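Next up: a single chain in structure tokens, the form predicted alone.
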């Protein structure tokens, strides 16, 4: 790995790894956020002026757009460095190549057609492939008839089959809230790919090129539904909050919200009947096994629901768990920030940003005993590390930097 000397690269598992991020969207940014959290030194290359596209994604405090205060940027760019560079300009292309010469990996989301147009630059990048791990994260991959199509989160959710299976029976398909499709799954998939390629390079000394398709990442994360259809011809339909041949596996309203009520095993079903004071349900032939309970779910739900409606979500959750039944309250974001479990593990981290102020961020999802997840530093302001990277790392003079700034290159 490169001999990174920057102090922000702490002793994480990827300490010493240098990564260049050339992205405008969420998936590549989230990939690099994971790698930065593991200790890699990530330099995010952004266009001069407006910066990366995710800086323009809201919400914004006071509903006032600002390139330094968008929540998506603040979340996705923690623990990174920011430099500005017009890599499409000849002088900018030269600087990008120099930056990559001592980097271990490049993560980019440049559309294939734009890459074709800038082939002279990317041909030079390709010549580094013998040592560089070059990861492209695009909606549909670098090849195929869809490679140049436009996408949004909803586009990918629809094309990958996630929408088809999500929603109430007989109703229109529904989309999951958030950036699950566009960003999270593809970003995590790309990060796994980078780690595997770096591991292989550590053994063989050879880099390689990775082609990550956001759509294929989503399909790969879709459990085994496509395999089930190909194998059995069974088409998964929309079941709302239910699971085939399992009940209760649903959401019930309670006094102050909703509760996920789940009984996977017969032992849990027996515990539930005793817990709610209705042991006679165990002898009801309509509810003997899980398949029976699923086929008579409406009748069973009408019998069970009053117990939930008389209690708060927390009471239902705690009582169910006391009986070893995997109940859960349906948490809001406010509930998460106040959750005792997360506080006891120190999950959330408070980080102060020079423009946005102090914010709380999700912390490590993985705890390491020897190479801890790096505590997040705030997302960088646009071009915050220009002098550090262009001058101290690449050896440009301050006069060079000022000239490039006047020319609009940085």
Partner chain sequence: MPGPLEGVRVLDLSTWWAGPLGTMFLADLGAEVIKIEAIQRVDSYRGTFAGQVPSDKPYETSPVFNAVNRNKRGVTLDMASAKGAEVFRRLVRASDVVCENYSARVMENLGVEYAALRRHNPTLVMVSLTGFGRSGPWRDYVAFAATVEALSGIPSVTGYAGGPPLLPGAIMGDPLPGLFCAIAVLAALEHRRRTGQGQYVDMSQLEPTTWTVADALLDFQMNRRTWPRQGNRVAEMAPHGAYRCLGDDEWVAIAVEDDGQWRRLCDVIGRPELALPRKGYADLAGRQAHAKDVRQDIEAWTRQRDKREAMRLLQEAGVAAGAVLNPRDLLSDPQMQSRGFFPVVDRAEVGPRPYPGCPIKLSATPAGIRSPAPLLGEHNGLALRELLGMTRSEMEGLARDCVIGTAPLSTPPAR
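Bear in mind the structure is a predicted one, so any value in this text is a computation, not a measurement. Throughout, rigid core stands for the largest set of C-alpha atoms superposing within 1.5 Å between the two forms. Numbering follows the first chain given and starts at 1.
Although not depicted, the form predicted together with the partner chain is the subject of the following passage.
- Checking 299-307, 82-90, 285-293, 108-116 against the partner chain in the model of the complex, the stretch whose residues place heavy atoms within 4.5 Å of it is 285-293.
- Mapping the unseen interface onto this chain, residue 385 falls outside it, with no heavy atom inside 4.5 Å of the partner chain in the model of the complex.
- Under a 4.5 angstroms non-hydrogen atom cutoff, the partner chain in the model of the complex lacks residue 279 among its neighbouring residues.
- Although the partner is absent here, residue 102 lies well away from the partner chain in the model of the complex, with no heavy atom inside 4.5 Å.
- For the chain shown alone, residue 188 is a contact residue for the partner chain in the model of the complex, at least one non-hydrogen atom being within 4.5 angstroms.
- Residue-level contacts in the model of the complex: of 270, 129, 256, 94, one residue has a heavy atom within 4.5 Å of the partner chain, and it is 129.
- Think of it this way: in the model of the complex, the partner chain has a heavy atom of just one of 14, 19, 22, 389 within 4.5 Å, and the residue is 14.
- Residues are counted as partner-facing when one of their heavy atoms sits within 4.5 Å of the partner chain in the model of the complex; in 347-372 these are 347, 348, 356, 359, 360, 361, 362, 363, 364, 365, 366, 367, 368, 369, 370, 371, in sequence order.
- Core-superposed comparison between the shown form and the other one: the Cα of residue 293 travels 2 Å or more.
- Residue 314 shows a C-alpha shift below 2 Å between the shown form and the other one [criterion: core-superposed Cα displacement of 2 Å].
- In a rigid-core overlay of the protein, residue 253 has its C-alpha displaced by under 2 Å between the shown form and the other one.
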